[in-house]
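The chain below stands alone, shown as structure tokens; this is the form predicted on its own.
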Amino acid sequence: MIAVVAILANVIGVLTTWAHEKVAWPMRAARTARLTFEQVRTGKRSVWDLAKTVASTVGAIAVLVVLMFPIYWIFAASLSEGAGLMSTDGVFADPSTYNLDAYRWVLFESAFPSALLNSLIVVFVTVSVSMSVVIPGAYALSRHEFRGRKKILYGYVLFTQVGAGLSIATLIALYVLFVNFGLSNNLLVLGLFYAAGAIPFNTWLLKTFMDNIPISYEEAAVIDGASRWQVIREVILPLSKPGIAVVLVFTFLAGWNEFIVAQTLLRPENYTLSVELYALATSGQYDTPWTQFSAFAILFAMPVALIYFFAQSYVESGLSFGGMEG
């Protein structure tokens, strides 16, 4: 009960901070614009500098609009009437026909709920196993010298660079191996397989991040009487939050978005969301129910967007603080 209350308190705190930042954004923009024009008026900035700033801002907004157009198009298609992606009058359906029928079908009449449960099982196994190996492994490789350390590091680099190509080349052999051992159509085994693939790269990533944490912080804690476990819990883990957030997002994506291996090993009763989405696209003999497909795709992508949205500050600092330099 206490843990649930603590989690709810953290969620409410994050939502409150986010709402405060969003509400204050127009005020900050207006204040920045006022200061900019004041600098131009007093001669601290030239008109040419202001023109370059305005042109850069317009260009960035144009790029953002181009990047977001497919998402907006899919969202608009999910609200349209019928099964088509567009009307005869343009690329968008008639707004007067927008409704939530496609979302109602996905949530209450399709296999979305069972596929969502299957995906959550796979992701839970992938994330829990990966993080239980990645964090202590990254700390050991970052802070301790032991026999075979360099060979392990070279092996990690080789596996992370070559492993992705091998996973496709050995897919048939992998399928035969899993079938012979009776491990196909098993969500827990699939989660372990994703975790095994995610551990090398993410361990290397977090190890590189921990290398940037000064050892003097740990030495100061030891001098103050902290044990090794207290140093890890109260010094290393708090300072590694951005790196851990990056690893957590990458690991989640490894289990949530993967399609090829899941399509090969799972049968329809255990389909994950990515496989169920593909099955929906190919279910029609002569056509595809695009509005239902769009609604399914929006709901499928929603958790990834929410996780990145709430972990955005940690992810940005984790990627910029030497996390990707290795």
Partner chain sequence: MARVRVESLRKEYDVGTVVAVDDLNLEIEDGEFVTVVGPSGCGKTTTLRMLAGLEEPTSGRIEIGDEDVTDVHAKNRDVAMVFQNYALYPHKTVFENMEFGLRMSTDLDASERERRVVETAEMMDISELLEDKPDELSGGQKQRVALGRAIVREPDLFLFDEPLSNLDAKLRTTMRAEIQRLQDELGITAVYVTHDQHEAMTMGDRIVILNDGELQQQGAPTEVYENPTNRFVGGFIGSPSMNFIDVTVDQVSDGLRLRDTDGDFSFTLSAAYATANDAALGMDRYTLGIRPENVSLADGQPQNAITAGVDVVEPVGSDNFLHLDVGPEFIARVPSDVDIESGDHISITFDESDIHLFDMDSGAEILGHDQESQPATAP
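Just so we're clear, the structure is a prediction, and the values are computed from it rather than from any experiment. Residue numbers count along the first chain shown, from 1.
Below: the form predicted in complex with the partner chain, not depicted.
Colleague: Can you work out which of Leu116, Leu100, Leu107, Ala226 has a heavy atom no more than 4.5 Å from the partner chain in the model of the complex?
Modeller: Only one listed residue qualifies here, and that residue is Ala226.
Colleague: Can you work out which of Leu120, Leu239, Ala76, Ala111 has a heavy atom no more than 4.5 Å from the partner chain in the model of the complex?
Modeller: So the residue touching the partner chain in the model of the complex, by this definition, is Leu239.
Colleague: Does Ala221 reach the partner chain in the model of the complex if we count a contact as any heavy atom within 4.5 Å?
Modeller: Ala221 belongs to the contact set for the partner chain.
Colleague: Taking the shortest heavy atom distance, is Tyr217 within 4.5 Å of the partner chain in the model of the complex?
Modeller: Heavy-atom contact with the partner chain at 4.5 Å: present for Tyr217.
Colleague: With the partner left out here, check for me: in the model of the complex, does some heavy atom of Arg31 sit within 4.5 Å of the partner chain?
Modeller: Output for Arg31 is yes: heavy atoms within 4.5 Å of the partner chain.
Colleague: Is there a heavy atom of Glu234 lying 4.5 Å or less from a heavy atom of the partner chain in the model of the complex?
Modeller: It does: once the partner chain is placed as it appears in the model of the complex, Glu234 has a heavy atom within 4.5 Å of it.
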